[in-house]
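Consider the single chain below, provided in structure tokens and representing the form predicted on its own.
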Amino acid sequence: MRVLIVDDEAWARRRIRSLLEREPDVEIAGECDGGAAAATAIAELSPDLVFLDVQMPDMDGFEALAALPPETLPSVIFVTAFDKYAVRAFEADALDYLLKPFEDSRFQAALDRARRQEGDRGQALAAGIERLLARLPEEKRRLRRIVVRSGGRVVFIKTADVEWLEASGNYITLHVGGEQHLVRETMNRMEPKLDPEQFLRVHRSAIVNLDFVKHLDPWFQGELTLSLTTGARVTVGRSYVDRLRRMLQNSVD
């Protein structure tokens, strides 16, 4: 079992590493000191299990998971010092956790549980983490970065830099700085992860970053299009026109 250790505190990583080194069936794939590095490492290394700290300064554990496509998620043992809300969520969704400071026996129990879970991963695991993320406060669910594979590399894209998102079947094309990046995700799953103050769905196949909207234009047969500062034009679906008008009215008010 290949394991990734993620914690912003060096002593905590050493503690987990020392316990894992006793296990003959465990290979330590790597260590990370932050959520952004963890999301990249998960995408690159495909570990079977991650010991994931909850509170980290650059990007917390929840954000790191939310940034990844569900099918790439490994088994996760969360590690937390004081997030009582998170502990309740973990318990409700049967995802294991370690509450710092933890005893060797508690660590062993969590690891044994992960071993048993290893044979039952896939959709059930992804669904469990999705339920966990859904239970968190709204602000914690918002994506700040999206992990994509591009040219054999793993690239971190800030959501603030995404000009608009376009549906491509079960994938989404991110339009960023003249480049396009493909992410395995659906629009219905992506939309609630984005900040509604910044992103607006204007078509069943398009979400725009309002910071890049230049002006609104009439289009064929009464339809509307949004012209972006990048020169792109995005059609506003008829069923989304009222939503757009309400947003514009609220911004004027």
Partner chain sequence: MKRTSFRMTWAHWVSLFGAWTLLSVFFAPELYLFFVYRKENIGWGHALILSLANTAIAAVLVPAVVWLALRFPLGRNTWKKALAVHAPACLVFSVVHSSLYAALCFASPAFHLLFSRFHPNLLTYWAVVGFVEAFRYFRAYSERERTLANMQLELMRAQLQPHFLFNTLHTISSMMHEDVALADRMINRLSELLRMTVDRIGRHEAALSEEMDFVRGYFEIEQVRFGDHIRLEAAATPEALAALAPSMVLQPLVENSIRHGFRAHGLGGVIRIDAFASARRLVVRVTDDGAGPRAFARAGGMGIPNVRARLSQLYGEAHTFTLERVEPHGFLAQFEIPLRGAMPEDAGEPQYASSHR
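On a predicted model such as this, the values are computed, not experimentally measured, just so you know. Positions refer to the first chain, counted from 1.
One more form of this protein exists, namely the form predicted in complex with its partner chain; it is left out here, but the text below deals with it.
In terms of contact with its partner chain in the predicted bound form, the residue from K100, H181, R113, R106 that brings a heavy atom within 4.5 Å is K100.
None of 24-32, 64-72, 186-194, 48-56 except one has non-hydrogen atoms within 4.5 angstroms of its partner chain in the predicted bound form; the exception is 48-56. Taking the partner from the other structure, its partner chain in the predicted bound form has a heavy atom within 4.5 Å of a heavy atom of A12. With a 4.5 Å cutoff on heavy atoms, R144 counts as touching its partner chain in the predicted bound form. Its partner chain is not drawn, but in the predicted bound form it has a heavy atom within 4.5 Å of A81.
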